[in-house]
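Next comes just one chain, in structure tokens: the form predicted on its own.
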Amino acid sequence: MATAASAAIRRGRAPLSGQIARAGYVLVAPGFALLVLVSGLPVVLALLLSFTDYNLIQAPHWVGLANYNRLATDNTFVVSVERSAEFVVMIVPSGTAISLLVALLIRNQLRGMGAIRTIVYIPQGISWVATALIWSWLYNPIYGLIDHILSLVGVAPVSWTTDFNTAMLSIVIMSIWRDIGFFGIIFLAALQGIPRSLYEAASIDGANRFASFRFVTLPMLGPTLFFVVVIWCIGGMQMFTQAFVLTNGGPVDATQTVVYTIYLTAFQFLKMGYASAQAFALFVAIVALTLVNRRLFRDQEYEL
């Protein structure tokens, strides 16, 4: 009897549930359509364009896989991939470590810590163009603040943005300065979510601060580390504005990354089809890099 009553109740609610579902679809439809129109359609068109030869003047000419076959033999593109990989290798471990260190330093509930956290996060609100302009002044070998400080301790001026050996390093330092606040806050939130009982248990077992950090903090930060590393990698592979404003891709293509090469291919040489193929090659590389990171961090998931 109870089963029959429950079935009757469900039958009575079914029409209302269907109406709610349909109303939900109607409400979501405009936003979904806008997303498809603004994001999905351009991606599909760019993919089709990557199989053509198109210069913005003449009609697209279908060339099949010719653009993709050209990538492996295009020395400029190969070098730009190496530059992007160099940037990722330099910024991901150092940026992640510094961001975690910042989070550890600002997690204590001391007087004035709120203001310090705000100051640390402020650079994240500055656009990349403004950031690059600020640091171009700081890096200036004649009147730059950095070389002036170095001269006070007897260090000769460094050609930060005009030397092949230091140009990429100058972009890495600037990028870390701008983003450590964002990733530091993410690490801070993760640190505050670790139960104190775990540290107390480690202390009872005789663990010192280093042991607690190694065997409690780092394992519990596994998912957050995965997120931070992936975002650093994606941002690193897509780096463009820093090089465009600060070094203009130089010196001698020392900072000409993949996205910079795509920009030149599309808007300087008007090879839109080939630029689209380069862009999708970058997309595949980013997906592969994300999957590699996912595999490396596959066991770093914990339930409290």
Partner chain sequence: MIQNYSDALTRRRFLVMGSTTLAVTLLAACSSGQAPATSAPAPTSASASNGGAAASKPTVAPTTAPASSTSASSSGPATIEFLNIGALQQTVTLFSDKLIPAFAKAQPSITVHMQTIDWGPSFQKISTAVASGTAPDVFVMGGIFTDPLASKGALLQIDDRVARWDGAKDIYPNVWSDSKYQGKTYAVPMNLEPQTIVYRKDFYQSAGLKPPETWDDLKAAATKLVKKNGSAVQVEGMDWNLTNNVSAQQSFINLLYQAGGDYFDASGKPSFSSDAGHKALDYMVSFYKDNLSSTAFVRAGTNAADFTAIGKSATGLVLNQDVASDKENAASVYANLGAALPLKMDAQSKPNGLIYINKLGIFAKTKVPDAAWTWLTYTMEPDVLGPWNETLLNFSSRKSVTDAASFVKDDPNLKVFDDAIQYTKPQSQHPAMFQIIQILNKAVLNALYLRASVDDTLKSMDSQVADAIKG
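Positions refer to the first chain, counted from 1. For clarity, every value in this text was computed on a predicted model and none was experimentally measured.
In what follows, reference is made to the form predicted in complex with the partner chain, a form of this protein that is not presented.
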Partner contact check in the predicted bound form: of 231-239, 43-51, 275-283, 258-266, the stretch with a heavy atom within 4.5 Å of the partner chain is 258-266
To verify the annotation, which of these, Ser94, Gln124, Thr162, Ser212, has a non-hydrogen atom within 4.5 Å of the partner chain in the predicted bound form?
Thr162
Would you classify Ala23 as touching the partner chain in the predicted bound form, given a 4.5 Å non-hydrogen atom cut-off?
yes
Can you work out whether Pro30 and the partner chain are in contact in the predicted bound form, taking contact to mean some heavy atom pair no more than 4.5 Å apart?
yes
May I ask you to check whether Ser203 falls inside a 4.5 Å heavy atom distance of the partner chain in the predicted bound form?
no
Is Ile142 close enough to the partner chain in the predicted bound form to count, meaning some heavy atom within 4.5 Å?
yes
Residues of 55-73 having any heavy atom within 4.5 Å of the partner chain in the predicted bound form, listed in sequence order:
Asn55, Leu56, Ile57, Gln58, Arg70
